[in-house]
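Quick setup: one chain, the form predicted alone, written in structure tokens, and binding and motion questions come after.
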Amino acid sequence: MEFGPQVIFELPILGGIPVTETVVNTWIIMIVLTIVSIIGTRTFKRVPRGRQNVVEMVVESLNNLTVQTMGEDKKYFSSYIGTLFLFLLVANLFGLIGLRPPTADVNATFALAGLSFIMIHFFGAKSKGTGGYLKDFLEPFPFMLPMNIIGQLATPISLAFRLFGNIIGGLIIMSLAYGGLLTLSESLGLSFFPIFQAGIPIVFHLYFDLFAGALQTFIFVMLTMVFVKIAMD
């Protein structure tokens, strides 16, 4: 049984560039979020009502989360944090509609962790100055330089594998559960109507897709904000 992303098609350039489920599903998420954003914000009024109330509640919640974690002076990060949060949440919940979550591909989680890594060091150097930021690598003692470098390099690796491991783990367990329930149905002569697959997996989906997906979204976003804040302060 293979749990890696499948190649959907190949682009006929440079000898053929494979396009996987991860790429396709990521584009689907980006298109859906873009359409929802356009529809949700195109008729804003001074007195909010209907969907405008929902949009403003989401934006305000994400702004408050950013301010509470990073401070009022770093509220400008809320745009990126909000985008990251919504993308990860939708991506992690993709299993609920039978599609492979992009975050079940380590390449996707490393790309997101790489963005966080760049932000950590870019804004750290911008806030403290390049010299002052590099000086932090010599704290508390100069001989700690190699360990501090290793610690910084470990940040994107831990971010990527934490998210990937939890999502792919849930995907594997759900695949095994469906396979086991199908075998049970067949052993009871119910292969024409796999009744066990109709209801029992709902409980597993609630945890591995809904709860774990939302939790891992929150953890990734929170860690990104905390690391950036620490680098800047």
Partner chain sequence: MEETNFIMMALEWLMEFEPAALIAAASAIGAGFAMIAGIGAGIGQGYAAGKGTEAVGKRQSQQSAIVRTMLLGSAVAETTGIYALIIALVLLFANPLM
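Nothing here was measured: the structure is a model prediction, and the numbers come from that model. Numbering follows the first chain given and starts at 1.
FYI, the form predicted in complex with its partner chain isn't displayed, but the following is about it.
Peer 1: Quick one: which of 115-123, 157-165, 80-88, 94-102 gets within 4.5 Å of its partner chain in the predicted complex, going by heavy atoms?
Peer 2: Checking each option against the 4.5 Å cut-off leaves 157-165.
Peer 1: Can you work out which of T43, Q68, S187, N53 has a heavy atom no more than 4.5 Å from its partner chain in the predicted complex?
Peer 2: Flagged contact: Q68.
Peer 1: Quick check on L182: any heavy atom within 4.5 Å of its partner chain in the predicted complex?
Peer 2: L182: no contact with its partner chain in the predicted complex.
Peer 1: Flag M222 as yes or no: does it have a non-hydrogen atom within 4.5 angstroms of any non-hydrogen atom of its partner chain in the predicted complex?
Peer 2: Flag for M222 set to yes.
Peer 1: Find out whether any non-hydrogen atom of I172 is located within 4.5 angstroms of its partner chain in the predicted complex, and reply yes or no.
Peer 2: Looking in the predicted complex, residue contacts with its partner chain include I172, since a heavy atom lies within 4.5 Å.
Peer 1: Is L11 near its partner chain? Define near as a heavy atom within 4.5 Å, in the predicted complex.
Peer 2: Contact check for L11: no, nothing within 4.5 Å of its partner chain in the predicted complex.
Peer 1: Which residues within 209-233 place at least one heavy atom within 4.5 Å of its partner chain in the predicted complex?
Peer 2: In sequence order, L215, Q216, F218, I219, M222, L223, V226 come within 4.5 Å of the partner.
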